[in-house]
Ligand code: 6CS
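Just the one chain here, the form predicted on its own, laid out as structure tokens.
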């Protein structure tokens, strides 16, 4: 178990792509090795993925959006949907590579993975760099706060009104972008690596709140009950995510969206999202074009 945890920690670094090939068998239930560059930007991604039998996917390890099981299986709401749609396209599996949010789009553009499926919420700057599928998840944002919310942190406006507050965020995450767009001073940011370290920053007093999707905080609270979760933040934009591809893979995205739409109409889609705590209806009628208008 110790060796597994050490390997997982290594894969969170910027060097994840270099380590992905020897450790791909550990990261997924699949025994194939993901070789960087096999599905290059200049190739037909659908043909290549069908031939090799998998897509390389950049993920976090942030339940319920993404999760790596103890046996290395990549799961979570987004990878599970990606896997099912890929099967419909004749692609047998997905192979996950753990990476920080800030490295996801650079890694995609550098061909370290073929797709991102990690709750990477849509906003203007990201949509200018990647081609998103239609939304799979539409979500809300909340703050993790100390019991009783003693500093009355409920909205982005309440954070801006108190220059003494320190807010923990995942660098490159959607919440980081919301606060930067709101022009929160740099001194009020506390950068953390993952959900657990965000809660620890709150617990230790380094941060007064931890800004994260409501469901992510709910998942964290299943193990740590010494913090409260605020209601959905009313002045945060409606957020949503789907699979993100390189713009040159438009033909693949078009084929993917066709199969995704068909999958959304099945009971299996609703059951899959419900398993992870999401409402399948929330993503219906919401488009990538709409969510890509989010500032940031």
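Nothing here was measured: the structure is a model prediction, and the numbers come from that model. Residue numbers count along the first chain shown, from 1.
The form predicted together with this ligand exists for this protein as well; it is not shown, and the discussion that follows is about that form.
Here the marked residues 110, 114 and 245 all miss this ligand in the model of the complex; none has a heavy atom within 4.5 angstroms. For the residues 212, 159, 74, 86, the 4.5 Å heavy atom test against this ligand in the model of the complex is passed only by 212.
With the partner omitted here, the residue from 81, 168, 144, 120 that has a non-hydrogen atom within 4.5 angstroms of this ligand in the model of the complex is 120. Remark: residue 256 does not count among the residues lining this ligand in the model of the complex, judged by a heavy atom distance of 4.5 Å or less. In the model of the complex, this ligand lies farther than 4.5 Å from every heavy atom of residue 252. Of the candidate stretches 174-182, 148-156, 87-95, 222-230, only 174-182 has residues with heavy atoms within 4.5 Å of this ligand in the model of the complex. Along 60-92, these residues reach a heavy atom to within 4.5 Å of this ligand in the model of the complex: 62, 65.
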